[in-house]
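Quick heads-up: it's one chain on its own, the form predicted alone, in structure tokens.
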Amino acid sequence: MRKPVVLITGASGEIGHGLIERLSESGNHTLVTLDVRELSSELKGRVHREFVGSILDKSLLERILAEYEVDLIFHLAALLSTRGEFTPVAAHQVNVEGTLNLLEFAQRQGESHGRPVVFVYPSSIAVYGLPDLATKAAAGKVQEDQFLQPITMYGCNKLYCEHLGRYYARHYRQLAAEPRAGKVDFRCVRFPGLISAVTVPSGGTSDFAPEMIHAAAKGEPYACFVREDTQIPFMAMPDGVEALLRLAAAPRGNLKQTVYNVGSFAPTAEDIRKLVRQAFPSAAITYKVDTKRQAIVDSWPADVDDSAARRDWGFAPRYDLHRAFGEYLIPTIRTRYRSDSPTL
């Protein structure tokens, strides 16, 4: 018999690290992971089976389908925004074709064991595209259905995959003789910038915030690539992981929509610089604006309206700006680089 498991793609990334820790600590889940990179030695011991390979490899997905009974998928694998602009075709292949492969995999899983497969998908504020700074200032907290004109390949990919997920959940093969929708229970979190104290930033356009902190902790100078008045929403990584878990566990009947904004705090780049300087007074943080990356960040909202997530599934972030820095980011990152220092 096939073994019931939770499947996590992109498991070696920033979100995957926290998600594996939380799920393994609960003791209620058998975890199978899929990533192009091997898991760290710390994470290997927390999972039942690790597959090293690509979500574009359909034969590998067939193996997983044959060996395991999957009721819950966290599809984290993605090529992020900055890298996506240098390799847009590769980004489309990974972000869209890979997601389509996983949705079809979930559909077949649901058909084989007769239960809907919960498919949890992290999207991004990159799906938004505000036309100018005046509109951004006037918009305030942006709702899920506003300003959906992304200007990056990553944003286009994420927005399209939100629609693909809705199609699989509600309209899959709607002209077939027998209805086949309802086998994929697609649930999407639209994340702001995520800041992790555990992993190093890896290619996101919102990474100016974590890059500031990590550079300061290492005693390295940092030139921030956006203006000091740049404002977008952020979230501490533990709250991001909690949002995925809470949405996955929510009763289907409580969910009034497919895609949900989540947010926590929305500082300017200068707000972040000041907090980092308070913790590391000698930190050398300057501004060297990259006009192309600045234009991308300017197209994202200053903040998001996450009232639907709070209403439908009890989203409630633990960390506001000052708690995120004072209780999570600064202490954890400071300890990380102290322990990396050679003993004298």
Ligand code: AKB
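All residue numbers refer to positions in the sequence shown, first residue = 1. All values reported here derive from a predicted model rather than from experimental measurement.
In what follows, reference is made to the form predicted in complex with the named molecule, a form of this protein that is not presented.
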**OP:** Choose from 175 to 183, 159 to 167, 109 to 117, 78 to 86 the stretch whose residues reach within 4.5 Å of the named molecule in the predicted bound form, heavy atoms counted.
**Re:** 78 to 86
Subject >> Residue among Gly98, Pro150, Gly204, Gly263 with a heavy atom within 4.5 Å of the named molecule in the predicted bound form >> reply: Gly204
**OP:** Decide whether Tyr154 counts as a contact residue for the named molecule in the predicted bound form under a heavy atom distance cut-off of 4.5 Å.
**Re:** yes
**OP:** Report yes if any heavy atom of Ile213 sits within 4.5 Å of a heavy atom of the named molecule in the predicted bound form; otherwise report no.
**Re:** no
Original post:
in the predicted bound form, does Ile125 have a heavy atom within 4.5 Å of the named molecule?
Top reply: yes
Subject >> Any residue of 292 to 313 that, in the predicted bound form, places a heavy atom within 4.5 Å of the named molecule >> reply: Trp300
